[in-house]
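Quick setup: one chain, the form predicted on its own, written in structure tokens, and binding and motion questions come after.
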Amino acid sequence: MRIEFDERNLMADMAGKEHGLTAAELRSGAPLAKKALTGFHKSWQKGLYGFPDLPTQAETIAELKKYARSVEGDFDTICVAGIGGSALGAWAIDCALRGPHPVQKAFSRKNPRLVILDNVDPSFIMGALQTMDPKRTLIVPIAKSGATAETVATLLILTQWMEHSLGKKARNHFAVVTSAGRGDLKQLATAKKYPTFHLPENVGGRFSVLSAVGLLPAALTGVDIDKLCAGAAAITKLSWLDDLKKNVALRSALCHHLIATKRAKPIQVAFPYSNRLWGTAFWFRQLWAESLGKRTDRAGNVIHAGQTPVAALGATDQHSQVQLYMEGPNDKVFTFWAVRNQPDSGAIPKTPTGFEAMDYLCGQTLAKLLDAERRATEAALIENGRPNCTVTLDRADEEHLGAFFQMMEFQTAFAGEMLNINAFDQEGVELGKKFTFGLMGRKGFGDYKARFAAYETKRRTVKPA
């Protein structure tokens, strides 16, 4: 298993002194990196944050595999009801390891499809029901709190749909992931005797891909979760080293911190040149945004920290976004994701057509073309003074994907330490949730309904321009 981080195009020698980092700045940043490593290691030792332990959760992995084997061949659809961290990891795994959507091979009981209901748009939810057969569908609601409004609403609809068709037999068509000791979803699962798998309390949703949150859907769709966790375990060992050459997560965190803070790059474009990693880009977008977007530091100082993550797909978005990236505001850093060895190179026919714009491609491969597109875009950005870096996975398999997830989670934790913020809370998200509870009439949230009413009253006094 090999993951490489190449920061050369972040350097002033390539991107220019105005926008690139100097070697002296990187050297002077080493103590900050070491401090970040030490600080996070102490928090982990105290049991505050548990994602580093997930790859070695042998008992949980065994339970998930046992359950997946027990229902193997029973379903042609695995339907996840979840949102945010309870959905994005499962989608990222599925796209990377079973093939990008929507070009996966035909679905069957031997190869069940994964349907992820991660929004409450009625056209989306009700349309999904029309594509699934309740007799051949397993419902997997995922919510750490057990009270996420979108997940609960979707689950209520799915339960009625399932019970209307199957009656008491519907009980065999649910498996739940939630917290062990709290939440209404846990109580519901216990009352209905659903198989239930638990998310550790010290693991937040966006860091939960290698818990039951991501591993249960993966196991149910035939992914080798042992290999997924083995890759993550290998990168975990490297991520505790204070050697910046060996610790790719720490080196990447330092480079991104310095380019963001010293060269005013408030936007990071995650740019996978692989459809298999497209789902991972959306998973990363949540991880980076929710973890680092903070109003205050740990001392209570208002700092409004955070780098806005943007997802782009190569080579597709060369034809939709790169014009802006080349000639628009120079306020971005680009992180390319490459896969060195493709499972199929995509041979282009050798037979010439007689047309110059076509014949130079004859006998070559799509893999070579995609790689050339990425390297050409890196070079073009550098010619325009736009700093970029590249993460390269040897291949898009279970071990590399697990390692990549874990690398980026460590990178995010280290980046939070460098900013002196709590990368593991999300107060900015909670207020909107509380307003929603108030608007929907949930008990105990009347104050938020009143605050929303005051907001509406104020809005009505504002005249449109």
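In this text, residue numbers run from 1 along the sequence as written. No experiment lies behind these values; they were computed from the predicted model shown.
Quick note: we don't show the form predicted in complex with a small molecule, though the next part is all about it.
When the small molecule is considered in the predicted complex, residue 231 lies well away from it, no heavy atom lying within 4.5 Å. Among heavy atoms of residue 436, none comes within 4.5 Å of the small molecule in the predicted complex. Not displayed here, the small molecule is approached by residue 83 to within 4.5 Å at the level of heavy atoms in the predicted complex. In the predicted complex, at least one heavy atom of residue 206 sits within 4.5 Å of a heavy atom of the small molecule. A single residue from the set 321, 308, 77, 286 has any heavy atom within 4.5 angstroms of the small molecule in the predicted complex; that residue is 286.
Out of the listed residues 392, 145, 275, 159, 145 is the one that sits within 4.5 Å of the small molecule in the predicted complex by at least one heavy atom. Annotated contact segment (heavy atom within 4.5 Å of the small molecule in the predicted complex): 136-144, selected among 380-388, 292-300, 136-144, 247-255.
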